[in-house]
Ligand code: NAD
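Single chain ahead, by itself, as structure tokens, in the form predicted alone.
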Amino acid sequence: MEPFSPPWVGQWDTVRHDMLGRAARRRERLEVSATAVVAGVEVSPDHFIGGERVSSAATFPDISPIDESHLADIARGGAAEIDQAVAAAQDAFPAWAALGPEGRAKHLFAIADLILERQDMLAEVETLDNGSLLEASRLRLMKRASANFRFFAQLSLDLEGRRWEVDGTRYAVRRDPSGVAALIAPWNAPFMLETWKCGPALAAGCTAVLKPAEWSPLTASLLGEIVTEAGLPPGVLNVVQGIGEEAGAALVAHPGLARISFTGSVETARSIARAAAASLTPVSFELGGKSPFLVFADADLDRALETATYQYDNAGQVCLAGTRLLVEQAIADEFTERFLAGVAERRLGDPRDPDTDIGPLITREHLARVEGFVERAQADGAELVFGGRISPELGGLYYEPTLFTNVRQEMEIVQKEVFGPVLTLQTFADEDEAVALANGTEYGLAATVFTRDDARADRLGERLVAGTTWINCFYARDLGAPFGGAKRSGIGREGGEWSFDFYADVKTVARRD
């Protein structure tokens, strides 16, 4: 894609200075009822609605998974706050949509710049809030969060509607902003995934109500400060904190929505779909995964093993993780021996320590869920090779990397998403068996394959049921590529033009002279 140079690009410093000046005056008027200090940063625990801070009568505690310390008491929104936020977004929508791609891009580029300027601060707050590795957050996730705004702003400038003529009739396809979008993000990479939704929704001309996960709400609050500094008009982006069963349920059932985008569990998606059905609100779901990780005998085993041990990243709290290791029988013994040695070198510990490879689980509730899966797997006859317990040295929410072998395909530990540092290992005799095992769950989010056989790689790219298939790589993500899941792993696609197709009303205009 060629870079776009809008007419104001030469005056960007002046434009940005003016925008930030206006935003500074807005901030002077912004009344913040209280702040919490997290990692040395003042964070408002209140909602961000219509460009203002709004408190609630009730609160809920935000606890750090690192040491289970209390970080803040967060405003606990419900139907009243959701009504206020949707109304603010509806009021802001006509003017925001009328700005067009160039007018909106100015604001989104400013947001991207401010995220980069604050990437260290954002990373430090998020690590305390959700236990993710500080270095990974600083070096990868916050840069990606900035790119989410920049990429979709640029893409909105570059997109051209399709035009053609048939039998004297000229056809044109437009993407008109659809209205207010509800954006519901998960807790495992909160800021990056929130911006993954906000970037395309705002670039497409929608206004939005963002509902962050209650287990990791702090960087969403900081996003409110950032968009204010960037001069985003009040009401274009609103943030309502709260419990899923309260604020989330009120949001997805609201009749004033044009779109709902949700990333999370299959069970929650079913509830959202039922609520959205009353108003026929279109939904986009990126849901769970139980992804296969296939290693053939001809693979580069060093690369395969290095990537396999990485599947414990973020304590396994990654929807894309290849948690089902499927290894060709001819190399199974060597792979298993070397995999055990590789995992033994990965350090479990404080995520702020640069030598740490695996941090804690997010909450006591989630820890109990992971422990339940492990206990039931052992009761079902799966062989625990290593792990399967809280670290005796660290205690708290630090759960050891875990591996099960001698599992059967019908076992829960093979079929259901654990969302923790728990992998299984199965062997296969040939390609057909590998595909049958890989496709043998209700999920289809991703698949990873290691093989040197180009013909096999092509076949598996076709045969594996997955929204994304990585061959001899992992986590390769271009923002222009479609992303989503097959089967129970999702509905719709995000990324590139697919995002704009969702957040817009796609319109055909037919004309004759």
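Residues carry their position along the shown sequence, with the first being 1. Because the structure is predicted, anything quoted here is derived from the model rather than measured.
Although not depicted, the form predicted in complex with nicotinamide-adenine-dinucleotide (NAD) is the subject of the following passage.
### Message
Between 288, 205, 217, 322, only one gets a heavy atom within 4.5 angstroms of nicotinamide-adenine-dinucleotide (NAD) in the predicted bound form; which residue is that?
### Response
Selected residue: 288.
#### Entry: 132, 402, 156, 263 - the one with a heavy atom within 4.5 Å of nicotinamide-adenine-dinucleotide (NAD) in the predicted bound form
Filtering the options by heavy-atom distance leaves 263.
### Task
Decide if the three candidate residues 93, 150 and 176 all line nicotinamide-adenine-dinucleotide (NAD) in the predicted bound form, where lining means a heavy atom within 4.5 Å.
Checking in the predicted bound form: none of 93, 150 and 176 is within 4.5 Å of nicotinamide-adenine-dinucleotide (NAD).
#### Entry: Options 255-263, 230-238, 134-142, 100-108; stretch whose heavy atom lies within 4.5 Å of nicotinamide-adenine-dinucleotide (NAD) in the predicted bound form
Comparing against nicotinamide-adenine-dinucleotide (NAD) in the predicted bound form, the contact stretch is 255-263.
### Message
Even though the partner isn't displayed, in the predicted bound form is residue 333 close enough to nicotinamide-adenine-dinucleotide (NAD), meaning a heavy atom within 4.5 Å?
### Response
Although nicotinamide-adenine-dinucleotide (NAD) is absent here, residue 333 would stay clear of it in the predicted bound form, with no heavy atoms inside 4.5 Å.
### Message
I'd like to check something about residue 419: if you look in the predicted bound form, is any of its heavy atoms closer than or equal to 4.5 Å to a heavy atom of nicotinamide-adenine-dinucleotide (NAD)?
### Response
Residue-level check for residue 419: yes, a contact with nicotinamide-adenine-dinucleotide (NAD).
### Query
Would residue 49 count as touching nicotinamide-adenine-dinucleotide (NAD) in the predicted bound form under a 4.5 Å heavy atom rule?
Outside the cut-off, so no.
### Message
At 4.5 Å between heavy atoms, is residue 483 in contact with nicotinamide-adenine-dinucleotide (NAD) in the predicted bound form?
### Response
Yes, contact at 4.5 Å.
### Message
Going through 439-462, which residues have a heavy atom within 4.5 Å of nicotinamide-adenine-dinucleotide (NAD) in the predicted bound form? Please give them in sequence order.
### Response
Only a single residue, 445, comes within 4.5 Å of the partner.
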